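Taken one at a time, structure 1 and structure 2 that follow are two forms of one protein chain, written as structure tokens.
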Structure 1
């Protein structure tokens, strides 16, 4: 299965390329699916939550300062580079 394609399948997701914080994400395969589903996902989710909470407390604004560069990968979507400028709160 192509995980990145599945997470952007228009037959499953409305406006799949838009970031929608209100989207019901049940059924996404960001951490895989079935017997090989990511065993580290609880750690990864906790790390993400801790990092986002710390950023929200300390940062007023994050702005892109250049073009993002896509990661070249057959199955996963990601970025190799995302230049940003961070303004402290």
Structure 2
């Protein structure tokens, strides 16, 4: 499986390259599945939930201030640079 393409199949996901906080995540393969699942996925999910909750309490707005710069990698999709401006709550 090519991880950079995970969860970006337009036959399965509407607007797969757009971030949608309301998207139902059932069926995504970000942490693998079955015997190949990531053993740390519960910790990673908890960390993400705690971080997002803390951010939501302290930040009123996050705005992009420039073009993101992709980090090219053969297995994962990521960003080298994402310029943002954070407005405190």
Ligand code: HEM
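In this text, rigid core is short for the largest set of C-alphas that superpose within 1.5 Å between two forms. It should be emphasised that the depicted structure is a prediction, and the values quoted were computed from it without experimental measurement. Residue numbers count along the first chain shown, from 1.
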Matching the form predicted together with this ligand against both blocks gives structure 1
| C-alpha of residue 67 moved at least 2 Å between structure 1 and structure 2 on rigid core | no
When only the core is superposed, residue 18 shows a C-alpha shift between structure 1 and structure 2 in angstrom of 2.9
